[in-house]
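Given next, in structure tokens, is a single chain: the form predicted alone.
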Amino acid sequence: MILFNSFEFGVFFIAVYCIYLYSGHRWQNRSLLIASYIFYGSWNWKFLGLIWISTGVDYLCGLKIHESDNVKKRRHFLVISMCTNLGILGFFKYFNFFAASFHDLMQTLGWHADPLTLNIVLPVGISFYTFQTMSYTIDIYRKKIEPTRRFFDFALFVAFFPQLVAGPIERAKRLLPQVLNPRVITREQVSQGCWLFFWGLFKKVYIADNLAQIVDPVFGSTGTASGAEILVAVYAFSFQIYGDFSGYSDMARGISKLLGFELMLNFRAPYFAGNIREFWQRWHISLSTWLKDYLYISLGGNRSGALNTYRNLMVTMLLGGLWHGAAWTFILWGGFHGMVLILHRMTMPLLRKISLRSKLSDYLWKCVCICTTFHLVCLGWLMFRAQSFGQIRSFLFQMLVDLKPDPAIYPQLIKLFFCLSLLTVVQVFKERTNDPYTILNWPPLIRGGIYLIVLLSIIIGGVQGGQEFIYFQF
């Protein structure tokens, strides 16, 4: 198994990069395709067949949709593509979940039957590349793009290893032309790519993996944690999942820049969001825009009145929650965000009437909005991380009735402070300048000091051993 945060990946990438730099465009693509299959096959080579099926079906369906002017025929091939991709995703990710849920329902109704479950291993990254290939045929059907006839280049678009297993979920309109056309690697791309990779590695091994040592014991406990410990664990998980997932996205974008590719920005300081709608414009941007473009708008968006808009928002967020995992806690998390989005939409006319007459009051109001949004998101993360509804109820009860000072949390608070201090400083400057590479413009002495702190944090304070990324399980 090759992980970005492992020694094996360093050896793998250096070998691939040496071949890549001294090859022409066509051989660059071929070497990247082979490398991508090796990268994915290192998890389980048997699941390469699923990628090949998705690739072959969507390649052929894309051509057939484009070649036909018959609406029924075009829709027929779109349905084939959708059913193939969703069928594979549904079987491997959701079969056991729905089978177990149906069995529990039958038990509740008094009908007794043996549970039907299969020994299925979830293919890593299946949710990501499935959505990526589906968007290709949908965009062709909507006549937004034209298909490519270069099969192996299309296969590279599907399997491009930096973003294959945890995104960003790229669109063919953006990534496919970069595959088809020769690439020129600039000095700026190398500089930005190196910074992104090491900053992402810092977020993963120093922030996320250290915070996991606070989070896992609490959420893995059997009711022995105090309210204060639970609260700290919820805050820690909020930054653990951010460091873990945005760290992967940064590394994927950094590696891609070194190869001459530009991937979309997937995170934009989400905890600075002033409302829940803005949070989803900053968090996992590739998924939120995918759900908006291919699900929310397809359902009708906000075109058919308030009630239909609220329904569309809730359906989109429920399915977005289900996308994250086959468990009722994820559906609850999606429903919670759907509810908060609806409440925000309902109160928008009132919020717009708030008139602030000074810069100070405007600043304080923004701080209140950011703080409120952050804590709503944290409440959602409790649902997301919990192992069951019972644990959610228990943890909420503990935080309400047993939230008192606990000396046991002081070491955890110190660890939380040290994990987040540098991240907070860099994020504040990024937000103020609206420049994700603002550090590259800092004076050399300050920039060098930041580089040294990041490097020492990774080497000395980082958790070694190549811990898996959280979103690999989705």
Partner chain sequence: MGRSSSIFSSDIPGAGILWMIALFLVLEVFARVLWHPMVIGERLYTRFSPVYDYGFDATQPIWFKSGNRIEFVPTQYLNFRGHTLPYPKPDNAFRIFTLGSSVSRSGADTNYSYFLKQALETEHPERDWTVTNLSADGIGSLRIMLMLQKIMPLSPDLVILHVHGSNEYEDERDALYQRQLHQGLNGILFQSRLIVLMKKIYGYMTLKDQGRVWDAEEEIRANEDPANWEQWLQSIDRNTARMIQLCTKHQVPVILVGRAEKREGLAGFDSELVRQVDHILKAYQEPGVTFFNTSKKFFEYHPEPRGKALLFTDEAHWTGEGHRVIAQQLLKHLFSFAFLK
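Please read these numbers as outputs of a predicted model, since none were measured by experiment. Numbering follows the first chain given and starts at 1.
The next section is about a form of this same protein that is not shown, the form predicted together with the partner chain.
- Comment: the partner chain is not present in this chain, but in the predicted bound form one of Y437, W27, W442, F429 has a heavy atom within 4.5 Å of it, namely W442.
- The chain is drawn here without the partner chain; in the predicted bound form, the stretch among 61 to 69, 409 to 417, 47 to 55, 27 to 35 whose residues come within 4.5 Å of it by any heavy atom is 409 to 417.
- Within 4.5 Å of any heavy atom of the partner chain in the predicted bound form lies no heavy atom of G10.
- Of the heavy atoms in C18, none are within 4.5 Å of the partner chain in the predicted bound form.
- Shown alone here, G448 lies within 4.5 Å of the partner chain in the predicted bound form, counting heavy atoms only.
- Residue contact check for Q464: one or more of its heavy atoms lie within 4.5 Å of the partner chain in the predicted bound form.
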